[in-house]
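Quick heads-up: it's one chain on its own, the form predicted on its own, in structure tokens.
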């Protein structure tokens, strides 16, 4: 949901976003087969503009600087006619993209830095609300400032995804791209040719596998029957994939029909064995958004563009371990200060500095102002040198 922002905030962000693109336009990364992609834009008024195409990166950059959108998107799909209505575009394939976001991880620390904002009057609450206590609007936006524990969890989940894709699907590392979304997550793009033509159903099957959905004792060669269960170890064994993960997690030292039978009996039988598989699948299965990967007509934030929900840039992460989103994706220079008024008291860090702000007027660097106003947690008062 897009929250409408007041005129002062809008003018401030438009000026700073335009300045960013003037200075950092080279960060925009043209996608492969750019002329076959659909481009879309979000305006600061909340309008969505879609079904545009650009044959050259120069034309796209000129459009951006002239129109200054809050968000820039590009389709994962390749089309013969990108500007046509969706059923007339003639789909020619799509990159496979995975989205790892804080909303899917459900971390215990999230409540400490999650805010609920009324899209009508802008009132901010730390408590979960479905109705604004000021104007009684039901349009509530959930907003989060990730802490270091959140970022580390996102990185861990991203690494797990990469490991799955490489080991279980044979995807080569050079055909994978990891990028920070500019807000609360990471995107992983698969460019490998044999995945480009997969339809939504096939991609859904891949997602189900990665999430550990529908794993059963039968997949390990344990079949339920009236007498209890029968064991027939698969010819391919337990040397790879989910079979290997489950056997290792259960700490079964030697896998044979006899040993597996003893192990299952010790656990309490077929149902207990199945329950343990379900538990392991949930623990080791990836926490990703299925809809993002299965949608073969989706538009994604463009690398090098600003995220309108944070003012941070979506950038490729060449070294995930060292990557610090609150520093490495913030490109606004702190050579100027502005006055802001907070909608809620807040403690946070950005560009290596800690800030403690109350609801009085505060003078802060440009990077802080852009971040907090984009998050709808502050309002611009005036600029000062």
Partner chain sequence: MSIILGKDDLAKYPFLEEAGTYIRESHFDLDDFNRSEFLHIIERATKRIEFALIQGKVFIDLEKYDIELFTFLVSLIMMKYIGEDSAIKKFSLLEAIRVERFLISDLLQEKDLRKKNLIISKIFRELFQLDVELDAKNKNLFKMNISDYLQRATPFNEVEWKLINRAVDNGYVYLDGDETVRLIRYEIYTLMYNRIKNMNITKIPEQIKLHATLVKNKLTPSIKYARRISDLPPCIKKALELLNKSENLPHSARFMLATYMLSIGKSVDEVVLLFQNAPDFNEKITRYQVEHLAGKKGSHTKYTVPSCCKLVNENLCYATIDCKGITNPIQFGRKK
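Since this is a predicted model, take the numbers as computed values, not measurements. Numbering follows the first chain given and starts at 1.
We do not show the form predicted in complex with the partner chain, though everything after this point is about it.
Enquirer: Given that the partner chain is not shown alongside this chain, does residue 240 nevertheless sit within 4.5 Å of it in the model of the complex, heavy atom to heavy atom?
Expert: Looking in the model of the complex, residue contacts with the partner chain include residue 240, since a heavy atom lies within 4.5 Å.
Enquirer: Residue-level question: is residue 166 within 4.5 Å of the partner chain in the model of the complex, judged on heavy atoms?
Expert: Yes - in the model of the complex, heavy atoms of residue 166 and the partner chain come within 4.5 Å of each other.
Enquirer: Is there a non-hydrogen atom of residue 251 within 4.5 angstroms of a non-hydrogen atom of the partner chain in the model of the complex?
Expert: No, no contact at 4.5 Å.
Enquirer: Should residue 213 be classed as touching the partner chain in the model of the complex when contacts are defined as heavy atoms within 4.5 Å?
Expert: Yes, contact at 4.5 Å.
Enquirer: Just one of 167-175, 73-81, 297-305, 103-111 has heavy atoms within 4.5 Å of the partner chain in the model of the complex; which?
Expert: Checking each option against the 4.5 Å cut-off leaves 167-175.
Enquirer: If the cut-off is 4.5 angstroms on heavy atoms, which of these, 138, 236, 291, 256, is the one near the partner chain in the model of the complex?
Expert: Selected residue: 236.
Enquirer: Ok, 229, 195, 115, 91: which has a heavy atom sitting within 4.5 Å of the partner chain in the model of the complex?
Expert: In short, 195.
Enquirer: Within 337-372, which residues come within 4.5 Å of the partner chain in the model of the complex, counting heavy atoms only?
Expert: Counting only heavy atoms within 4.5 Å of the partner chain in the model of the complex, no residue of 337-372 makes contact.
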